[in-house]
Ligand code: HEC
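Form predicted alone, single chain, as structure tokens, below.
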């Protein structure tokens, strides 16, 4: 078997001659042939009449598998296993899944394509091939250009193939199957190979662990961690009270910022604050958007105190009570700005204009759910 013919090969001196040879082999009707060059030769695909590769379908299938798997996993986590209300958004919010789904689709397409090529097309871990280590391959890997016509081709006739390649000016030779290639058996699931993979995996894991958890915490790699700064809620030995977080200097005001003058003075806020906005369509749309984002998780979509948090926090009172409907706009503005009871302050999440717009939208809800007879006429 070691003397079985694999192919007839021929080497040429220039890109032009190999292009001519490829066209001649193609026109002669041979299908199982290949061309080897030390560098890419423009026009070779057309000269060989190579069909488009089917590997793209493998990549597409891998990408679809990765995308479907990722969006299914993200949907299950967000809507079933660990549902959370974030900014009033629904549990299944597909825009949040798009970036990671895209990344996993790309990663899966690349990794699975390479794995399938290595395992199924190249028969990994087999690295043997009849052309390997032959004089022909050494030449075409350096400065020659070669063509190989396999003996498995339906039209193959050794004498005619030699005559064709010689007529094209090639130096003709024969390549035979090696004992290693003929006697090869799949080794992918052999214990030795599996132990080798396990050893590589453990070595890589141990190396990664040491690098990311030990080495990078040693000098000189710790300069990013050991900085002359403090983080929130850290203990500081510089200040006598041991608190790293400091209050602003009393009596100072940040440039461009007007402090809220009615802190802890809800009555004064209700008395002196007046809504500067008019209930136009644009203002009400802004108020509705911000209300649904920041207020509705606790107060409900219509302000009736029917929280959508499923008991994670105590339900707040309804915004349609006589007390709230009788409040001046300034009182509601004060609660949004300062907070009340378990409700935190929203002055850093919602701008002043947005707070007034929310108040106008609340008034719209109150009038809609507590309409007078005159409103219906």
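Numbering follows the first chain given and starts at 1. Just so it is clear, the structure is predicted and the values come from calculations on it, not from any experiment.
Below, we refer to the form predicted in complex with the ligand, which is not included among the displayed structures.
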The ligand contact at residue 340 in the model of the complex, heavy atom, 4.5 Å: yes
Exercise: residue 362 in contact with the ligand in the model of the complex, heavy atom 4.5 Å: yes
Contact test in the model of the complex: residue 294 vs the ligand, heavy atoms, 4.5 Å: yes
Touches the ligand in the model of the complex: residue 310 (any heavy atom, 4.5 Å): no
Stretch in contact in the model of the complex with the ligand, which is absent here, among 43-51, 340-348, 22-30, 65-73 (heavy atoms within 4.5 Å): 340-348
The single option of 284, 168, 298, 105 touching the ligand in the model of the complex, heavy atom within 4.5 Å: 298
Residues 9, 18 and 38 all lining the ligand in the model of the complex, heavy atom within 4.5 Å: no
Partner contacts for 7-32, taking the ligand in the model of the complex and a 4.5 Å heavy atom cut-off: none
